[in-house]
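Next comes just one chain, in structure tokens: the form predicted on its own.
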Amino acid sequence: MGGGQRERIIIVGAGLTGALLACLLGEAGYDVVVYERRADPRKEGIVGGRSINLAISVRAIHALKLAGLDRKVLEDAIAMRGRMIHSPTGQLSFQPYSKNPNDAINSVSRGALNVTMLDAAQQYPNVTHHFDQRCVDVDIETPAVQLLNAQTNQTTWVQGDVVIGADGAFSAVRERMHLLDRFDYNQTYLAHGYKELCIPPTSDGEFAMDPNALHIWPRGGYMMIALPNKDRTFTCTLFWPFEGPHSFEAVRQEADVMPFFKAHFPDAVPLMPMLVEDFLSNPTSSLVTVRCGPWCYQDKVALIGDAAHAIVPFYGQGINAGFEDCVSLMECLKVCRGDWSKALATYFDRRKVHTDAIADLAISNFLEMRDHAASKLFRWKKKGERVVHRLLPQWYLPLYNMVSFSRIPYAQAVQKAKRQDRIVTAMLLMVLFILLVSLVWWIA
């Protein structure tokens, strides 16, 4: 399929990645039709309780800039310049993300960002949205999608030139691709789930805690985090095991909630007047990592975002990686001169290794946040990284900085960090050897 004709692109999913891709394809002149199983959030309102606030950084901001949305989104974001660690006794310890005080990740509301991006996509006359339309099947050869209308309970087939699955971790488009020969698929769950709570503003309408930090209550095996919102609330998220002594299983009844929080998160309890009600009413959700491939079939079907590579949220890169997919796909279309078959294959080849890398980093960062962030050894290690970075900024760049504050591809960042660590370790051993030799000489 060449770029000479005006192709009709069907996007399944009007979430964040689908909405951004609709903007970019609309700008490029394609006819885009987006189908979403949920109701229009601009009419029905934003459903809370299971969102996990987003942390957008350099990669997502670059993608938003291409769509002309970066300034608008950042106006509603709050910069978080480091982690604020809450000890079991309520002591606070701030850990900056970078030696550069301007480096920050930005807390944004998932629902509000989705509304902003839907409005932006709708400005293009060649982009249309249809809500309450659930994809129940895909004909990958035509290609076409079968949609179930939530209002009429009727199904219809809709044909396009390309179908793109942007329908999340449990993608209906990807499910149909499972039937393809040599399609690899792997799905793994953490033993932990998550539940959303809220810290409201104080009585005088101010933030109850420092708004320019990501707050973490690490407890070794489980934790709570809190991200600031523009309305001066904090979205809190519990990351607890499903089973065990400090788990969702152990805190089921109304009478269990307050004693557990007073024992393990005592400084947060006075800040959460609706703690018991929120805990009992908000759902407990799972955390899944999805790896699959290839993400495309000829010039007909492709996957993007969580549909291609769902990751757990602990590096704050889920939406950054999804938006980077959109940028990469558009670059591939440009390089391949609108040849969708070549562009989709190139897009998969370029992105797969990097999304696998960030999936691994997200899981390892969960262990870091949950188990190590409160330890003195960890704090000294981070201080050491910042010192070396300050002294040798052109040579040493901490892995976190490469991931969050640059556009270095994820897998390349991991390899560079490993090389740096080997050199630093060798230098430290050399210094220790010299000191030891000097001590022996002095004694002799």
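Quick caveat, the model's predicted, so the values are computed rather than measured. Numbering starts at 1 and follows the sequence shown.
A second form of this protein, the form predicted in complex with a further copy of the same chain, is not displayed here; the remarks below concern that form.
None of the heavy atoms of residue 94 is located within 4.5 Å of a further copy of the same chain in the model of the complex. By the criterion of a heavy atom within 4.5 Å, residue 242 is counted among the residues contacting a further copy of the same chain in the model of the complex. The closest heavy atom approach of residue 175 to a further copy of the same chain in the model of the complex falls within 4.5 Å. Of the heavy atoms in residue 186, some are within 4.5 Å of a further copy of the same chain in the model of the complex. Note that among 242-250, 270-278, 327-335, 195-203, the stretch whose heavy atoms approach a further copy of the same chain to within 4.5 Å in the model of the complex is 242-250. None of 159, 364, 155, 286 but one reaches within 4.5 angstroms of a further copy of the same chain in the model of the complex through a heavy atom, and that residue is 286. 191 is the sole member of 191, 263, 150, 136 with a non-hydrogen atom lying within 4.5 angstroms of a further copy of the same chain in the model of the complex.
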